[in-house]
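Shown next as structure tokens: one chain only, the form predicted on its own.
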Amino acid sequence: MESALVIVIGVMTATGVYLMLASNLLCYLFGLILLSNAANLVIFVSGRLTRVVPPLIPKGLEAPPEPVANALPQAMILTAIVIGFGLLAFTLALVVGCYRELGTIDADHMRLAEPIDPDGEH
């Protein structure tokens, strides 16, 4: 099962990088989402997949009975989801601002910082 998830992580990472290299800002945004989800899966797989019980402490005991699953990767994934959503919201706000200001989401047509010379040279 872990090897299948590793293949999925590799495909998601490669697809995310490919989309982020496109000149369209929406493709960049989708690539960012894929990379964020691939990072979450890496954290999930690093905690090892197990069928043991969750780390809950029964009433009357001071510690959970052995063996229990590791709760740290789950907590890290929750943190990564929140950070990824914040990054996604910020990037989406930038894309919307660029579209409102420039009228396009194609990065090749956004040349305010680098105007094209009348001679045709860059």
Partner chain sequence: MGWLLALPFLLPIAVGLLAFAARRTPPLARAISLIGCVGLLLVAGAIFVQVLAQGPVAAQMGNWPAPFGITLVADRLSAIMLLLVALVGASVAVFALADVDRHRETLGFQGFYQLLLAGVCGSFVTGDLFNLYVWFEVMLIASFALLVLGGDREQLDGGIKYVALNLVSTLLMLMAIGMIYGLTGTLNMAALHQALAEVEQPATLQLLAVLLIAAFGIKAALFPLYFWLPASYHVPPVAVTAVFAGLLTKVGVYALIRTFTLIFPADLGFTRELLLGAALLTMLSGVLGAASQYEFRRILAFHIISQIGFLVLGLALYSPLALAGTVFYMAHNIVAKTNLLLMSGTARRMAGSFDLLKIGGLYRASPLLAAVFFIAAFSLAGFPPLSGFWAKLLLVTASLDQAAYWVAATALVTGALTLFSMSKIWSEAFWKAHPQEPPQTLASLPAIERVQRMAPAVVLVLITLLLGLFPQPLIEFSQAAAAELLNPAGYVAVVLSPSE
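Positions refer to the first chain, counted from 1. Worth saying up front: this structure is predicted, and the values here are computed from it rather than measured.
What follows is about the form predicted in complex with the partner chain, which we do not show.
Shown alone here, residue 97 lies within 4.5 Å of the partner chain in the predicted complex, counting heavy atoms only. When contacts are judged by a 4.5 Å heavy atom cut-off, residue 27 does not count as touching the partner chain in the predicted complex. Put simply, residue 48 is close to the partner chain in the predicted complex: some heavy atom of it is within 4.5 Å. For residue 102, a non-hydrogen atom is located within 4.5 Å of the partner chain in the predicted complex, even though that partner is not displayed. In the predicted complex, the partner chain lies within 4.5 angstroms of at least one heavy atom of each of the following residues of 1-26: 13, 20, 25, in sequence order.
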